[in-house]
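The chain below stands alone and is given as structure tokens, in the form predicted on its own.
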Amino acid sequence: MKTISKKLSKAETEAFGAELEEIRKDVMAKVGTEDANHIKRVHKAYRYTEILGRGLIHFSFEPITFGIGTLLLAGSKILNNMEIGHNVMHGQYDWMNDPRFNSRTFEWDIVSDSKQWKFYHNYMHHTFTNVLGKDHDYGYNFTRLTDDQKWKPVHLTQMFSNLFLMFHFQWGVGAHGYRVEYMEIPKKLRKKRTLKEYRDVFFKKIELQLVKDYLFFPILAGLNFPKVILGNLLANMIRNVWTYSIIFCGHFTENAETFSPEEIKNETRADWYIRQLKGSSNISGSKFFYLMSGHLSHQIEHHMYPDVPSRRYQEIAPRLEAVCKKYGQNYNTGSFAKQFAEVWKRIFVYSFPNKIAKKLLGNVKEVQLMPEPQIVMVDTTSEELIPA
């Protein structure tokens, strides 16, 4: 896949990586009470909005109160999944020794099992970001997003299949987890019984979620149970649409690049940083938007530093963008509308064979080159540097 960033020499790449390590060191030295207070506040907000939302749904007598309750419950689920669940399970708050925020014990309000999610997301996706054939999150095994993927007739339907996924995203995330685990074990161990064992974990989580949202709380409402089922269904659907939109903007915008398994052989830490940068994209917005996106609005910073508390990404972003400018690397960012439109353009374009996709894309990428890097590499072996 073509890149709009400047190709760096080995020395420049290592220098780029060293500057990012320095940023990490500076930020990690500050992590402490402020970060602990932040996640505790968010946890309280999640609990209060859930209680208030469920209460309004249960006791509402007209559509407005019911609508507010549904929105509050949806907001609570989004906080649980995005700012708390996603970041806690990355181990960002393990140092607090608080079981509510520990990656080993946390379970979230979604049909995806946390252990299966940590395998395919924390390990597979973050290690092999945008590497075709290794990163199962790239297109989720059914969406074609680059000319490096083989076209099949089924891709003609991917606009419709993605619309369906958007409204049912938690089910896609949950089913994705056990399939990735199964596909990553050696072929000789892939048996029906093995697949069933992985699938049973997913089904157990489904059972718990269905009982909670569509049995336990509706029963508490007595004769009002249909209204509670509808409120929970709508809240889950709103959460699904939101999380799909944020997550797809993270890696599928126009200039988010892909890589082959051969390209990452002998990859250094600095090479890995470059790949995370080229394969990710940010969304600009307000502080509230950043919170409700779980700070995945800063997908680039998250992929550089997945274990750094997410509220620090806003602080890191200007420093990282300046380093990217210095080295002539594209810092992929834009408004939500722009990034989301680019995602759907990509889904549409690559639903067709390469010949048609190229005509639809034109030669835009070839003219959007980054300016020359502003770096000056110093030869440390030069005699001119040796003091007299």
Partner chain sequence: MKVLPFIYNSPKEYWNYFQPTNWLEFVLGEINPLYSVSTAKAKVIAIHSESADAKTIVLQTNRHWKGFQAGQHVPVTVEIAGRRVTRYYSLSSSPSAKNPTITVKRQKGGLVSNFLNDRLKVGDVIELGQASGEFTIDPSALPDKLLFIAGGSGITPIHSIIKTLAESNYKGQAKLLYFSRFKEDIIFFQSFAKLETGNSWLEVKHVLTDVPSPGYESGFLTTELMDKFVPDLKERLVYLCGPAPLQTSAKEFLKDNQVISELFLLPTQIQTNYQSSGPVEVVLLQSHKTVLLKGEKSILEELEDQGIYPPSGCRMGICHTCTCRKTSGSVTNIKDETMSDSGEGNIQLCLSRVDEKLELDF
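Bear in mind that the values here come from a model prediction, so they are computed numbers and not experimental data. Residue numbers count along the first chain shown, from 1.
Form predicted together with its partner chain: not shown, discussed below.
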For the chain shown here without its partner, which stretch in 239-247, 274-282, 198-206, 313-321 has non-hydrogen atoms within 4.5 angstroms of its partner chain in the predicted complex? 198-206
Examine Pro63 and determine whether its closest non-hydrogen atom to its partner chain in the predicted complex is within 4.5 angstroms. no
Does its partner chain come within 4.5 Å of any heavy atom of Gly133 in the predicted complex? no
Close approach of Glu50 to its partner chain in the predicted complex, 4.5 Å, heavy atom: yes
Pro99: heavy atom within 4.5 Å of its partner chain in the predicted complex? yes
Option touching its partner chain, based on a heavy atom within 4.5 Å in the predicted complex, out of Phe216, Phe160, Phe289, Phe167: Phe216
To verify the annotation, which of these, Lys152, Lys191, Arg269, Lys212, has a non-hydrogen atom within 4.5 Å of its partner chain in the predicted complex? Lys212
What are the residues of 21-43, in order along the chain, with a heavy atom within 4.5 Å of its partner chain in the predicted complex? Gly32, Thr33, Ala36, Lys40
